[in-house]
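As structure tokens, one chain now follows by itself in the form predicted on its own.
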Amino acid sequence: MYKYDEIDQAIVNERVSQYRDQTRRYLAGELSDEEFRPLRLQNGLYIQRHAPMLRIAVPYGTLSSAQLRKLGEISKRYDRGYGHFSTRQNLQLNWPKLEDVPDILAELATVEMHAIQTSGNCIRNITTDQFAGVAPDEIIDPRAVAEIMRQWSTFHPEFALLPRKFKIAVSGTKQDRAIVQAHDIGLEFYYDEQNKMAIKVWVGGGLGRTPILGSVIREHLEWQHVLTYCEAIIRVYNLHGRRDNAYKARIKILVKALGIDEFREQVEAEWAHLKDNPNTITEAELSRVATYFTEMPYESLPAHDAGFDNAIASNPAFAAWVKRSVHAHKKSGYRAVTLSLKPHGKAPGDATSEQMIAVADLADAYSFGELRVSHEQNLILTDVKLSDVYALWETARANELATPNIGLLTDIICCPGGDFCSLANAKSIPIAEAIQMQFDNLDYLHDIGELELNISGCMNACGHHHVGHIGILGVDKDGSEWYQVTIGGKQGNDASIGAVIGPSFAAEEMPGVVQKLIDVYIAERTPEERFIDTVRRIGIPPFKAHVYGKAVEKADAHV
């Protein structure tokens, strides 16, 4: 993984020093709340419902074991012994004391971490596929370009005060696992007809209050120009994006208002002034950064391991876990392993200090000291020898990290919701926990098969509910918490936005509502269909009729 040079380290150290002084001046009454607010936001510190929340950057979801161990130590020393991995592949601490944050940032800097640009109207953490570099279907490993973009976007003076936050995702695989179509800019890497690396550029995607899948603004972009072309896009957005209404300020609204053809024409005109400027990436620079992402020192291993095969044959619990949590790898004899942060009855995405340290130890023992964070809020060890998988499972299970539910209904993507977030309309964690307990029978879960259930506590959609096969959105009705349900959303190459099935439900109704949706699926599915396939084949009406029963006609009248 990328290692800081003296410039990177000096930048982070200097920022810690600046923020320490800013915090001192605020606590001494020398800065007002209004003056301090942009300073703390520039360092990832929000004021939430109960306490400050610190969001720590995890660039493109990659962590070293030393970094995760440090996060575990920090969460134990300065917080309440746990952290929350978010859908942006970052880590959030929900209870740090404001006066402790400079010390936390100083400790993060010792392991090449920070909280810069994890909030505010700037370019946020760039995200990618959690299997980048090891996926068998990978065309191009995008991490080197992602790192170059991280350096380019950090403290970019022109883009520090955009109309709204700006999110970029990169992907280099046949199957998109980074949701590139749901980002402000999505970059899809491929080899063109001349066998040269090129990029398909998506723009104007986003979830939130107005969910829109992005449009292709350029089918073929030579990789050397990715920075200047992104600069052209963001410059047009920065010039014309709305600043009078926060709900209409994202680039998706501008692209929709202008139309993709007009927006493209403006971007190309701007790019004519930027193309080939010093931000054009050279072969030498790409090669320099790519040296940090070369292959691990893999052993030459056979495709099968007798011990692994025997364990699967003799241990049903291990076999069930392998089926859901162990993934193919580009190298013979290796696998990627997902550690579930979704034990039933616990907040999805949360990891205790002890779990973080245990995963760091597992990474050191079995995966070259590195791991990944997925936008599905799980942790991944990407380079595990087949012969080590059983021993890894035993330790993971002892630390409640081996629930065999990856990709199943209880692998719920969920924002912190009203328990913590001051923007939320409703709690999301109790809904997730109630649904997990409703579907606590693992045999039944495996019979249901692959299903993505996403929960957001408000229209900001941090739980990505719009692209969940089943999406749940917390809404406020007359001061009470209610929940709106969508079905038919999906991430991936054939991404889609879910459709609302009808009027919202009370919290206590939600496990039963999900059960009724599953009942329809099981009754109507063909042998090969997943939930999303059945929804797309038969449409919403059968689901709606069963969920609302005799009230369906009344529901139609009030949608």
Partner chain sequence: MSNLILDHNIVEDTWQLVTPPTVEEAVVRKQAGKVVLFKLTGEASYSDEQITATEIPQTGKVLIPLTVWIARKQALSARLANGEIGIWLATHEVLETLVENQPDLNVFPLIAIHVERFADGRIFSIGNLLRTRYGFKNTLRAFGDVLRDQLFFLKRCGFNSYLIRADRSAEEALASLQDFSEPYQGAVDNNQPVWRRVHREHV
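Residue numbers count along the first chain shown, from 1. Treat the numbers as computed from the prediction; the structure is a model and nothing was measured.
Another form exists, predicted together with the partner chain; not displayed. Remarks below refer to it.
I need to confirm a contact call. Of 316, 259, 302, 278, which residue comes within 4.5 Å of the partner chain in the predicted complex, counting heavy atoms only? Of the candidates 316, 259, 302, 278, 278 is the one lying within 4.5 Å of the partner chain in the predicted complex.
Sort through 395, 154, 438, 332 and report the residue having a heavy atom within 4.5 Å of the partner chain in the predicted complex. Residue within 4.5 Å of the partner: 154.
Among 2, 161 and 291, does every residue place a heavy atom within 4.5 Å of the partner chain in the predicted complex? So, yes: the whole triplet contacts the partner chain.
Among 516-524, 53-61, 488-496, 38-46, which stretch has residues with heavy atoms no more than 4.5 Å from the partner chain in the predicted complex? Result for this chain: 38-46.
Does the partner chain get within 4.5 angstroms of any non-hydrogen atom of residue 361 in the predicted complex? No, residue 361 sits far enough from the partner chain in the predicted complex that none of its heavy atoms falls within 4.5 Å.
Although the partner chain is absent from this view, report whether residue 400 comes within 4.5 Å of it in the predicted complex, heavy atoms only. Taking the distances in the predicted complex, the answer for residue 400 is no, it never comes within 4.5 Å of the partner chain.
Can residue 447 be called a contact residue for the partner chain in the predicted complex at 4.5 Å between heavy atoms? Heavy-atom contact with the partner chain at 4.5 Å: absent for residue 447.
Using 4.5 Å between non-hydrogen atoms, is residue 137 touching the partner chain in the predicted complex? Outside the cut-off, so no.
For the stretch 226-245, which residues lie within 4.5 Å of the partner chain in the predicted complex by non-hydrogen atom distance? Heavy-atom contacts within 4.5 Å come from 227, 235, 238, 239, 240, 242, 243, 244, 245.
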